[in-house]
Structures are given as C-alpha cells and as structure tokens.
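Shown next as structure tokens: one chain only, the form predicted on its own.
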C-alpha cells in the first residue's frame, strides 16, 4: 500500500522565485538546524506543534504551504533570538501569508477582519463614531500641533471595554504630569497592525500611505501609543523620513519620571510581576522603561518571573492570533499565568492590550486571586486616579 509520505512532491520554481523576491532572499541562509522549532512556544502545548524548520525548508524548495501551519505563528520572535543564521523567521511567515492572500488560500473568517478595517477603520467591526467612547470620564481634548504629544489610543483601547480602562488611566497619568496632549478623536486611524499580522501587505501599504498624509496634515511630531503593536508599526513599518517620532507610553512615562514631572508620593503596597510583551521586548528591546515606572512607585515590590525579558513567554495574541480561535487548553497565557503565580505576586502587570486580554482569560480559567493590570493602571492607582489597586 502506497503511503502518503511516498507520494511525489512537485517543486514550484515560480513559487520559490516569488518568495525570494518578497523576502529579499531572507529565507536562503536557513541551514535547517531546527532550533526554531525547539524554541517555538507551541511545542509546550501541542503534541504535534507547528514544525517551523519544516515550513522554512518547504519554502526553500518551492513547495507551497498547504496544511495551515503558517497561521499558527504569533510572531513572538522567540525563534529568531535563537537562530544562528539570523533569519527573520516571523517576517518570512508573514510573507508566506501574503502569498496565501494572493493565491486565495486564506482561512475562513479572516477576510471579514480586513473588510471591517476597510469599511470601519478598525478590526473590531465598530463604527468610527464610537471611537471616542473610551473618553467617558476622562479629561482629553483634540490634538493641536502645539501639544507636546499626540496621544494615539489605537483600535483595541478605543473599542474593547477592558482596554478602555487603560486608555482612561493613561490619560489621567498624563494630566497628572502636566503634559499637554490631544487625540485625533474620530479621525484617529488604525495603525495597520491587523493587516500586518494577517499578512495582507498590499492593503497595509495603502493604510500607511493614508496615515502618513493624515499625520502630516495634523502636524504630528511625537506620537505616544498605548499598544506596543501600534508603536512597532509606526517605528518599524512607516517611512522614517516623515518626521514622526513614535514612543510607547512606558518610554514616555519613564522620561517624565527622569524629568521629575511625574512623581508618586503615596505608597501603593503591592507585589508586582511584569510580563514582557513580545512587540515591546523582543521586537524593540524595550525592557527597562516599564520596570522603571513600576519601581518609581513607593511600596511596589517588583518580582521577576523565571522567563523574563528576552526569554519571556508570549501571551499568544500577536501575529493576528487575536482574530483566530485558540483552544482553551492550548493558550500560551495559561503557562504565563502559572509563571506569575509562582512569584507570589498580587498583580500581574503588562503594557499591551492584547496581553491583558489573553492573560485575563487564562487567569479566569486558573481561578487565581491575582489581578492583571496594565502599567498605566498601576501608575494611575498610585496617583489616586480611578479605583485602587489595593
């Protein structure tokens, strides 16, 4: 009886040439050591995890991907940290997804996310008229070119009920520090992260072009983003000559602390452990600013999880995984919550809306008394803004 593994495989030279052109040859240096597969978080949860080495080898040979494995990638770059050849594996995965869009081989349901982005300006399927819903109870105003910063809220903190609390908390902290800032309100565009993470690069280029024009017309200089995903987009995927100076909010708060504009007077007695978001840490080497903010709060004891900084475990929400279903027993955040619980922390802090969503879901399943809070929420609580973190 002929086994499936014995069947002939046709090598597609045209596909290989398309991939080489799309990645500028980035796939070529891979010499199949398999470290990427060993480093992938899916190996911690699945009996048959995505075989990253195999995906890369098939691509090198010009064998089109057919089993859907490229859509498991959370673009956390844990594999890239270990890769001895410096292959940008996450970008290769996204390029394979881009080719899948071109070939009409995309998982069912993902096109609706992009259509929502096209028609509503966000992947949450919510109208632009609701983009300012988060401002209820917050002191914010329209952005003016004379403001110190543009407060870029982003889609998730604008529309997701949980993340709206983070947006309000950060606005309160900025006001407490005396920062002059404003938002673009209903005119605020999506940064394009959903299109990027799902591999729809052709549409992403349109989004970037429109946003560059909008920011220039609005007179935006320094942009402070709530989400690491937005920060990563503006920093690494937008043209550098447009004059935009993107910062993640933890970087900006750390600057305010150094300048003694942001001061915490009252103690907040809490043991806190910090989860490094992949798009803030491994992708952009921003590890110290969020810890600096937490350390500046009297009474806060910061304890580290064994897997931290460059070795931190992904929450599972990156690379478009927020828009795809993951079985409850296969979520990276389950393991991350267990890591945090071992520290004895009262608060599991992070600085990413996607991480908050994933970690809170897993925390509910674990039944842990620990709380997930954004660094902005911890800072706001220390300033007496909103509810206490006690």
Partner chain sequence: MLLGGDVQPLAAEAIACGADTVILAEHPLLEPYTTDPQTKVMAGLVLEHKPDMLLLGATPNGRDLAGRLAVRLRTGLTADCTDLTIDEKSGLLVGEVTGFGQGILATIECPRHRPQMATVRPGVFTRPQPDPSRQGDVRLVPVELSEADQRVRVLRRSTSKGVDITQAERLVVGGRGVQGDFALLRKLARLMGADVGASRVAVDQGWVGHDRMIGQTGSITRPKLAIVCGVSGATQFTVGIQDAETVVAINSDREAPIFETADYCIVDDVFQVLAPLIDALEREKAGKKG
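Note that the coordinates shown come from a computational prediction; the quantities given were computed from them, not determined experimentally. Numbering follows the first chain given and starts at 1.
Another form exists, predicted in complex with its partner chain; not displayed. Remarks below refer to it.
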Review point. Counting only non-hydrogen atoms, which stretch in 140-148, 253-261, 158-166, 274-282 is within 4.5 Å of its partner chain in the predicted bound form?
Key: 158-166
Check your understanding: residue 123 near its partner chain in the predicted bound form, any heavy atom under 4.5 Å?
Key -> yes
Point to revise | its partner chain contact in the predicted bound form: residue 325, any heavy atom under 4.5 Å | key: yes
Exercise for review: Report whether the minimum heavy atom distance between residue 63 and its partner chain in the predicted bound form is within 4.5 Å.
Suggested key: no
Practice item. Tell me, yes or no, whether residue 57 is in contact with its partner chain in the predicted bound form, where a contact means a heavy atom of each within 4.5 Å. Key: no
Check your understanding: Has each of 309, 311 and 313 got a heavy atom lying within 4.5 angstroms of its partner chain in the predicted bound form?
Key -> no
Revision key, fill the gap. Students should find that, of 33, 365, 45, 338, the residue having a non-hydrogen atom no more than 4.5 angstroms from its partner chain in the predicted bound form is 365
Study note, to complete from the structure: None of 179, 113, 212, 297 but one has a heavy atom within 4.5 Å of its partner chain in the predicted bound form; the exception is 113
